[in-house]
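The chain below stands alone, shown as structure tokens; this is the form predicted alone.
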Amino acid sequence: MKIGVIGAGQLGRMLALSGYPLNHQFGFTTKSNNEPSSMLGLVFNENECQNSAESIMNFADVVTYESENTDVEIIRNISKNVKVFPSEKSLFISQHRCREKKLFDSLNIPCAPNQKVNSLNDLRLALNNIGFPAILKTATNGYDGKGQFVIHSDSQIDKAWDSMNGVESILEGFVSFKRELSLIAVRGIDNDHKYYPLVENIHHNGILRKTIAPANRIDHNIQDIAEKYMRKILDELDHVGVLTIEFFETDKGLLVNEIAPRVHNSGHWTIDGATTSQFENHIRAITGMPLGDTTPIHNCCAMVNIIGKTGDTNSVLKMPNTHLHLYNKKERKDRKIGHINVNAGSVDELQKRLSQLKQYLPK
């Protein structure tokens, strides 16, 4: 099949790399011919095409997207002529934090207390209800810790609201959590569901730096609860493709933080650590193919993001059971330009391998 991807970043790149062995073809909408996916298929450059969305619609048998910040109107128009997976509904809800929280509440899925904020007065009222500390976030377009302000006291209220630049926002109660987890699942056109194991995510300055898969000390009950929440969301959205839930693990159980209707950074370990990667399973789902086995093929796995600078990759290539993935992106502060997957037979072996990757981890 011909698969159109809205966007041409590293997620589109890895989707294509997983899809070509299945005999699919790819096209991408781009803003530049130098984006990570640009050499992996037809490119419909927004600056060169009169209508890149129409061009990819004419090319594709099915269309997908690599970001929840994709314009819903574009997806709505394309879907009138070509199948789009995940659907407009998944995109519409996941790209807006208030709509996300409303979905969680309707499905009785626990999340942090929250309140919509459209003005400084709204913020003051919300803080009266939720209390300190709390996190003010833009309702849309936030990623990697951007568009967020932690409020600890009254003295910060004006500064917090000014940082939002007047856009629609949401105030969330601060969650005291033990660690951050995520669950990646895939749902097929035939309503088949597959789940990867819960993984632990370690962030620094709002950016994911390391994922441990499967997460240590996860019992079957916690995995089952996470999958139950996931199934509710997948089925409510009639979602086709990969979907990710980010969780807070607390003393009282799991709280859902947010969802992403796409392949996810915390699932990059699956390329080298699972029977079927998240990327291949997304392609299988949107093209109507049978879903693949999600079982890990190693006892312990980890993913380390390469942020800002490429570093000494020769030392990485010399390490056993270690796999380097670069995205053809220029070095830039806080930019994800690649990742490293590490596989091991035990937790001790994994920690030993990770200790050799200190150049890529925050001090």
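Numbers follow the displayed sequence, beginning with 1. Because the structure is predicted, anything quoted here is derived from the model rather than measured.
Heads up, the form predicted in complex with a small molecule isn't pictured, but that's what we're talking about next.
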Interface stretch in the predicted bound form with the small molecule - options 252 to 260, 102 to 110, 278 to 286, 190 to 198, non-hydrogen atom within 4.5 Å = 252 to 260
With the partner absent here, would His268, Ile307 and Asn328 each sit within 4.5 Å of the small molecule in the predicted bound form, counting heavy atoms only?
-> no
Since exactly one of Asn77, Gln156, Ser87, Gln148 fits, which has a heavy atom within 4.5 Å of the small molecule in the predicted bound form?
-> Gln148
Interface check vs the small molecule in the predicted bound form: of Glu168, Glu236, Glu246, Glu227, the one with a heavy atom inside 4.5 Å is Glu246
If you check in the predicted bound form, is Gly173 within 4.5 Å of the small molecule, heavy atoms only?
-> yes
Answer with yes or no whether Ile218 is in contact with the small molecule in the predicted bound form, where contact means some heavy atom within 4.5 Å.
-> no
With the partner left out of view, is Lys210 within 4.5 angstroms of the small molecule in the predicted bound form by any non-hydrogen atom?
-> no
Please run the contact check for Cys98 against the small molecule in the predicted bound form: heavy atoms, 4.5 angstroms, yes or no?
-> no
